[in-house]
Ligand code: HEM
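Here we start with a single chain on its own, the form predicted alone, put down as structure tokens.
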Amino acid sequence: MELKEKILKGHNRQIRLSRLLAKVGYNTPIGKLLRLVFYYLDGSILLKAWRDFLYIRRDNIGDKFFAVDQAIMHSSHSQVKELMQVEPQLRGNDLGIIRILASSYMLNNPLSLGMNGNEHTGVRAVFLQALPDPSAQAEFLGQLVDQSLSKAATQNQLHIGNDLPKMMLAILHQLVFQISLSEEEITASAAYIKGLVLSSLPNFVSKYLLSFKTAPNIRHRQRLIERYKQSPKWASYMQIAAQYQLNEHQIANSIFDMIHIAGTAGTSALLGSVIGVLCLNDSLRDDVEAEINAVWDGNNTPSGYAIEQSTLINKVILETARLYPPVRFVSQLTTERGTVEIGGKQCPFQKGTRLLGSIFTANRDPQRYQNPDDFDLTRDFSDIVSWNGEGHERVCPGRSLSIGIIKMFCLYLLKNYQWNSFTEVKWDFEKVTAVTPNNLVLQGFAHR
């Protein structure tokens, strides 16, 4: 069966499912089972061809369509922006399209994205305390970035998919907790991130049937969060947590997820894409190098001024985030039942139905961006939906730090390091992983 036919037939089944759920109940045992079956049916296609899945359903059904577990996908820029700005939001324990079904993999603590009410507000307050202002911490951040790149120079290459996440893990643990991870701990944390997909399986399967894969990751998480409690910064985080009646388990696990998922997986993916963009565009790279030479002489560490004045790099980061968003979906839950028009048909939906926003298609919406698939630094980025937009409770608390870290990497990479060649720069639009040229290798990587 051709991919298009398979994707559209799957959606026809979803429409029939919406009417069936209205009869049998959304959260009854049979309703949950039916949704789980459809979740894996759609998921099997999404894992292999997620971009085609989105575009085929959008182009043939409309800007709203069913996906995965009867979730209502919103694909246009206006819809996704509106979805992000709903306040207050009811969240489920979901990571975009991924449902966290294996609670054991998360030590029975919900993702910060799945928290609501006082718990959500308190955890965000801790995050805002834990994530430093990159300009204020420029000297320390510069030292950490230089140390990471120096290690890559000793191996004479920088591998985007393998090296950047490990660098980010080391840097974020220093910034947030002032602790140094061993090479073994960094490798284990990287394995934990790669194993996140295992949390989308039922808990029994993940915890017991696949324990040979999940148990080492879970043990690493347990050991690492105990290390967090020995950090010199731990007491200050718990002071904030106490104001919201949150305990050590909630804070340690929430910060673990913040560092490993949003911080490491997200920021390293975007950094990899920025490097890919600069590799492919010699003229742009020359302009960026000229800006770097104007704000930093390469001696000592860059100042906060250098970060703030790197305006061209800032535009490169924003446009790269638009084209290759490291976070591609945003999710929340409906608070009541109703009907929605999908493909010209009125379809019922139930209370608790997931509302998904496709950041990837929103960022390439021709109704919002002219020539949306082109790289263009003259665009208006005022309402970019990467980092969940701005000015509301859903905005990413780590946006400023993420951009600051990437700027610092650019400063060092183009001023104090060099490479004589690089492998093919290719963004993967098939596998449902972060959009980044993971197989890119900078060869002959060395200090200038």
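Here the structure is a predicted model, which means the values were calculated and not measured. So that there is no doubt, residue numbering starts at 1 and follows the sequence shown.
As for the form predicted in complex with protoporphyrin IX containing FE (HEM), it is not shown, yet the points below apply to it.
- Exactly one listed residue, out of Pro165, Gly263, Gly272, Pro302, brings a non-hydrogen atom to within 4.5 Å of protoporphyrin IX containing FE (HEM) in the predicted bound form: Gly263.
- The contact residue chosen from His120, Arg221, Lys81, Arg364 relative to protoporphyrin IX containing FE (HEM) in the predicted bound form is His120, the criterion being a non-hydrogen atom within 4.5 angstroms.
- Residue contact with protoporphyrin IX containing FE (HEM) in the predicted bound form: Gly43 places no heavy atom within 4.5 Å of it.
- Among residues of the shown chain, Trp387 is one whose heavy atoms approach protoporphyrin IX containing FE (HEM) to within 4.5 Å in the predicted bound form.
- Under a 4.5 angstroms non-hydrogen atom cutoff, protoporphyrin IX containing FE (HEM) in the predicted bound form lacks Tyr228 among its neighbouring residues.
- Residue contact check for Thr267: one or more of its heavy atoms lie within 4.5 Å of protoporphyrin IX containing FE (HEM) in the predicted bound form.
- Contact check at 4.5 Å (heavy atoms) against protoporphyrin IX containing FE (HEM) in the predicted bound form: all three of Arg124, Phe127 and Met258 pass.
- Just one listed stretch, out of 279 to 287, 326 to 334, 180 to 188, 307 to 315, contacts protoporphyrin IX containing FE (HEM) in the predicted bound form at the 4.5 Å heavy atom level, and that stretch is 326 to 334.
- Looking at 338 to 368, the one residue that comes within 4.5 Å of protoporphyrin IX containing FE (HEM) in the predicted bound form, counting any heavy atom, is Ile359.
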